[in-house]
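First comes one chain, alone, set out as structure tokens in the form predicted alone.
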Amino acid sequence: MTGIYIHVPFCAKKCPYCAFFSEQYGRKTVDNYVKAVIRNLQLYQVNDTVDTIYFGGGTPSLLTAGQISDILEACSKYLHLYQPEITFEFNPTGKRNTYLHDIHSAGVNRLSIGTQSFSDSQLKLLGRTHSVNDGIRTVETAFQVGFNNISCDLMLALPEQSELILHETLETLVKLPITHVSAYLLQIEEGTPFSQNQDLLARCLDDDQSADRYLQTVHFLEDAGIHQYEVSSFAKKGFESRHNLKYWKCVDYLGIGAGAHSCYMGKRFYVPEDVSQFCDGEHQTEIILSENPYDREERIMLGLRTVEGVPAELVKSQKIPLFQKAGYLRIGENGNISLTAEGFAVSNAVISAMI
């Protein structure tokens, strides 16, 4: 089973913490971009069955519902689809009822909503253009329209994010009709406005405080029946993201669009972050990163991000007993090594040491 990732690198306004590639929205450019996406869907001639499609960004909701429908019709025409999970990243601002109804009718069956926080002061700090009420109404409207698989994004370890502020956000979140949560620790990326804001940097949480907010989230969601299955991902039973699991389980996925990454047909590659080049080219350019993407090191690095973990014989590290004693990893009955919640909180250091 192969996954398809469609990158939509356009934003009406770039968030000050974001380091991802995106360009300012322009109607003519977006029209040409959609045509290029459809052209590439045809040219790749994917022979394997496709069971996930993911629209990411950027801001996919800047595309019209008609453009989303055109892309999905092309997927149906050029791909071998089998009961696909079709995910769409959606910002909780502006268009809601009609737009959500139309993309649901077009075939989108899973929403990933960029709520980020349910604190107006924290949303303002993040430079988000929506309010807490916007986020709540968007989730409720999506559910009423017919979406029964809804994920919300949360940003953790924000400047001055106290235990109480996060608790109130989590309480609001679990009362909504959601099935999934993606929770990310704030990373201050070089070159972003956040990285140049000295006042904000001085108010950032330290590593211990960040770990506390992370573990607070893990335990709160677990108590609410939303279980961790990957370092940043939590779901009710049966609602784990099939598409995202492909990344961690080394299953093929093909990325289409400027800036999109792929691990497909035995190679890992990316498309240059150049919208004009993507639109003008007959076929998107592939820059090869690796022709052996599923080697031992990568399988360990990706597999240890999941609760399922990896076979112990794959790791062969003398540090296993040390991390086990520290409470950072466990060995399951099936012989797999996996990180605990405390291990996930310091996963980069633990995984690097294991490799």
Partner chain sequence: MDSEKIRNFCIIAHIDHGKSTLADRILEKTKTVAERDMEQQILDNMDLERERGITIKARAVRLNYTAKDGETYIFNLIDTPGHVDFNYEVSRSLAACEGAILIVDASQGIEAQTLANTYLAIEHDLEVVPVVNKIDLPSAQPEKVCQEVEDVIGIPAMDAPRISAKLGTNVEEVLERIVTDIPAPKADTSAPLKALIFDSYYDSYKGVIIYVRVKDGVVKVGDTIHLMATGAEFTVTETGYMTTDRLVNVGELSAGEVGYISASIKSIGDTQVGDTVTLADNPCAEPLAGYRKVNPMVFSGIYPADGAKYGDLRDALEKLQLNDAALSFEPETSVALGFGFRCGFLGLLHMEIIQERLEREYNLDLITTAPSVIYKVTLTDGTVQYIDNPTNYPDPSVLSMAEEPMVKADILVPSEFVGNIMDLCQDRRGTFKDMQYLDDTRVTLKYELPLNEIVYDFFDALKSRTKGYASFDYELIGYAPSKLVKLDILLNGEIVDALSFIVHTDKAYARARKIAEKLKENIPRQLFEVPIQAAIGGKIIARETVKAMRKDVLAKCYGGDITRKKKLLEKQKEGKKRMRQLGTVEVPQEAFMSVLKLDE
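Numbering follows the first chain given and starts at 1. All values derive from a computational prediction rather than experimental measurement.
Omitted from view is the form predicted together with its partner chain, to which the following refers.
Checking Glu168, Glu85, Glu240, Asp212 for any heavy atom within 4.5 Å of its partner chain in the model of the complex turns up a single hit: Asp212.
Among the residues Lys236, His104, Arg137, His261, the one placing a heavy atom within 4.5 Å of its partner chain in the model of the complex is His261. Using a 4.5 angstroms threshold between heavy atoms, Phe220 stays clear of its partner chain in the model of the complex. Its partner chain in the model of the complex comes within 4.5 Å of a heavy atom belonging to Val346. In the model of the complex, its partner chain sits within 4.5 Å of a heavy atom belonging to Asp208. In the model of the complex, its partner chain lies farther than 4.5 Å from every heavy atom of Gly309.
Note that among 310 to 318, 25 to 33, 297 to 305, 41 to 49, the stretch whose heavy atoms approach its partner chain to within 4.5 Å in the model of the complex is 297 to 305. Using a 4.5 Å heavy atom cutoff, none of Cys11, Tyr99 and Leu126 lies near its partner chain in the model of the complex. In the model of the complex, Tyr247, Trp248, Tyr253, His261, Arg268 are the residues of 247 to 275 with at least one heavy atom within 4.5 Å of its partner chain, listed from first to last.
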